[in-house]
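Take a look at this single chain, the form predicted alone, given in structure tokens.
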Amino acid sequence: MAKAVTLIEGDGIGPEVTQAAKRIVDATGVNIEWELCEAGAKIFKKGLATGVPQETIDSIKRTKVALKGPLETPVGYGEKSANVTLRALFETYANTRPVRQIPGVHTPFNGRNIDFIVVRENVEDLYAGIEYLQTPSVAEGLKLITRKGSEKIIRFAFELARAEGRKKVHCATKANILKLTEGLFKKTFEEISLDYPDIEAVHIIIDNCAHQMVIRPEVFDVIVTTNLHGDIISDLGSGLVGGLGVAPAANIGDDVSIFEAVHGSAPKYTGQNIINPSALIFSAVLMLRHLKEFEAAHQIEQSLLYTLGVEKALPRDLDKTSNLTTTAFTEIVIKNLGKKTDFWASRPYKPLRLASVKTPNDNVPRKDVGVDIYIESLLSPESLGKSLEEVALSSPFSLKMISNRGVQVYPQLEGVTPDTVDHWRARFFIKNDEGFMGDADILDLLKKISKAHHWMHVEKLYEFNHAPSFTKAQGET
């Protein structure tokens, strides 16, 4: 029975690399029914702000699998990246980037036995794209880390390790600084790892992870991390083994999976027939494994390794003296189907099991503590502090402190004179011991503040499980 796949050719050199990958997949004899669809620059220019038309959405809903060339977000068109739109629409929460040394591709890391996978959470964190200009000169971005999103990607990483016969999962975070957001990811990892006693679980600070990827890349097997960190270190990983021209990627969701090359659309090379299609060919290998076409995936992978490592048939981005065209390279890979190498140890690939996520416990003891109110003002810290203390006198709240760019500036710490901007966080705590505040109390406080100041943002402060649910400013006691 034919397996339907949505084929998005993409922009720039996208049609050249997607057609190369399609020809090679078809040459294995796998019965794929391709549905050709559009997304990216052409769609943006037609006035659709997402860059993804309804016909493409409908096709992906139907096929559940897409192979995608690079998409461009033209300057002056559209509001969001079409790539990010596709990931968000279909909740492809797991971005996987294999990092493996390729024979024939020379790098400073040859012979280091590099063979690991970066597993990147793909839909939340700062990439949720929730941003505000809160004053004309101060921008805010919300970093959203959820227990559910963290558990999904962490379980995925452990299941991927099992499916590929890997034995270790590193969790890379910045939990030493971002104790609530990245800390939630770390805590979830530590809890979930108990369900996988056969896999070694190691936490590592993300900057040390990047450091170790360069000096000891062979120690890694699977690295799971949050969205922004994963975006950065996955490109670092591709740099270890030859660059984006050989870097495949998969975006896996519970219902839909999208396979892509992570390199750009390279418009200046469009139509020149010189682009390296290896990244998308390797991505097609990931797609075939996802479709449980393990033999065809193995054939293509072996043929590509034979082409690069034995015949030394290298595209121009891997060998500047090469005159090999995209078409000729594709023909060589097809000719080499069925040939074997001993370059890579064969992994016992098994179907990937997507584990179910436990329902979070919402029955958590909660106590109202106070409220943070963000204020735009050109006053000095002392003048603003005195004004807000006076405002709070006739309310259930007292002013605890004011911070600016995360540093307490009122009451002023002795010997400290931070440089300030027009964006202040005023922290008010409840005066009574019962720990009760109503929305009406907050609204009344805001009303009082607004008579003298401009406020733009409010955060309620709680204790969950008798622990503060908020961080302190630098210098706050």
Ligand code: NAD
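The first residue of the sequence shown is number 1, and the count goes up from there. In this text, all values refer to a predicted model and were calculated from it rather than measured experimentally.
The same protein has a further form, the form predicted in complex with nicotinamide-adenine-dinucleotide, not shown here; the description that follows concerns it.
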Which of 386-394, 240-248, 216-224, 137-145 sits within 4.5 Å of nicotinamide-adenine-dinucleotide in the model of the complex, heavy atom basis: 240-248
Sole residue of Asp115, Glu159, Glu151, Asp317 within 4.5 Å of nicotinamide-adenine-dinucleotide in the model of the complex, by heavy atom: Asp317
Proximity to nicotinamide-adenine-dinucleotide in the model of the complex, single hit among Phe90, Phe343, Tyr269, Phe109 (heavy atom within 4.5 Å): Tyr269
Heavy atom of Ala284 within 4.5 Å of nicotinamide-adenine-dinucleotide in the model of the complex: no
Ala261: touches nicotinamide-adenine-dinucleotide in the model of the complex, heavy atom cutoff 4.5 angstroms: yes
Residue contact check: Leu288 to nicotinamide-adenine-dinucleotide in the model of the complex, 4.5 Å heavy atom: no
Contact flag, Ser265 vs nicotinamide-adenine-dinucleotide in the model of the complex, heavy atom cut 4.5 Å: yes
Residues in 274-297 close to nicotinamide-adenine-dinucleotide in the model of the complex, defined by a heavy atom within 4.5 Å, in order: Ile275, Asn276
